[in-house]
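One chain comes next, on its own, written out as C-alpha cells in the form predicted on its own.
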C-alpha cells in the first residue's frame, strides 16, 4: 500500500467517524481506533494517539455549531470538565503499563455497556423534570434548548453521580483514546436526566478538553505520529461539520439506534481480536 493510498483510506474512514461522532457524541475515536488497528494494522497505542488528536478536532468542529444553535450547555460542560480532565491524565498514565490486548477487551466491554444503556433509556425523554434538584439549582445547571422553534426548559439532577461518572469517562479517554463521548452521553442522559440532544452536544463541547489532557501524555511518550494523526484529524474535522448540520433536524430515536448499532458492532470486533491476540 502506497503512502498516498494509505492517507486517503485513513482520511475517508476518519470522515465517517467524525460524522457519526458528531451525531452521537462519541467523538469519532470509537471508530478511528478499531479501524486503524484492525483494518490497517496500526499499533493500538499509535492509533489511540491519533484518535486523541481527532477527538480534539471533532470537538472544535462540532462544538461551535452546537453552541450557536443553542443546544450545548456550556455551564454543565465547564463544570464536568474538572472531573474528566483529572480522569484523563490518570488514564493516560495507566495506559503506558497495560498491553494492547487488555486495552482492546476493555474497549469492547465499555462499548457494549454504552450501547445497552443508550437503547434502554427508552421513553424517559418525555418525562424529564422541568425543575433541577437542590444541587442542580445551587449550581444553576438547568437550561433550555430549541424544539421545533420553541425553547424547552429542562432541569439537572443527580449531580454528584454525574460528576463521578465523568471522572471514569475521562480515565477511559486517556486509556482508550475514544474521547469517552459514549460514557459522557450516558452519564448526562441517564444519571443527570439531561435531554439526549443536549447531552450529545455538550459531550462534543467537552471532549476536546478531555482529549487534550491525555494527548500530552501520549505525545511525551512518542505515540502521536504526524503521518497518521494528520489525515485522521482532517477527515474527522470534515465529518464533524457535516454531522453537526444533520443533528439539528434528526430524530432522537434514530440517533439512539445509530449510536447503539455502531458501537455494539465495533465492541464485538475489538473483544474478539483482543482475546485472540490480533491487536
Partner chain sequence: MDDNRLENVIGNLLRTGVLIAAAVVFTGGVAYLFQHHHEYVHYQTFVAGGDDMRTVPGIVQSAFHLNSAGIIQLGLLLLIATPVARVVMAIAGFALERDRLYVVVSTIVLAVLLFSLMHAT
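Numbering follows the first chain given and starts at 1. The shown structure was predicted, so the numbers you read here are calculated from the model rather than taken from an experiment.
Note that the form predicted together with the partner chain isn't included here; everything after this is about it.
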Query - in the predicted complex, residue 7 touching the partner chain (heavy atom, 4.5 Å) - result: yes
Query raised in the report: Looking in the predicted complex, any heavy atom of residue 86 within 4.5 Å of the partner chain?
Result: yes
Report task. Using the partner position in the predicted complex, report whether residue 112 sits within 4.5 Å of the partner chain, counting heavy atoms only. Result -> no
Report task. Using a 4.5 Å heavy atom cut-off, state whether residue 116 contacts the partner chain in the predicted complex. Result -> no
Query raised in the report: Which among 103-111, 68-76, 192-200, 167-175 is in contact with the partner chain in the predicted complex, heavy atoms within 4.5 angstroms?
Result: 68-76
Query raised in the report: Taking 212, 229 and 237 together, does each of them reach the partner chain in the predicted complex with some heavy atom inside 4.5 Å?
Result: yes
**Report entry** Residues of stretch 214-230 in contact with the partner chain in the predicted complex (4.5 Å, non-hydrogen atom)
**Finding:** 214, 215, 216, 217, 219, 220, 221, 222, 223, 224, 225, 226, 227, 228, 229, 230
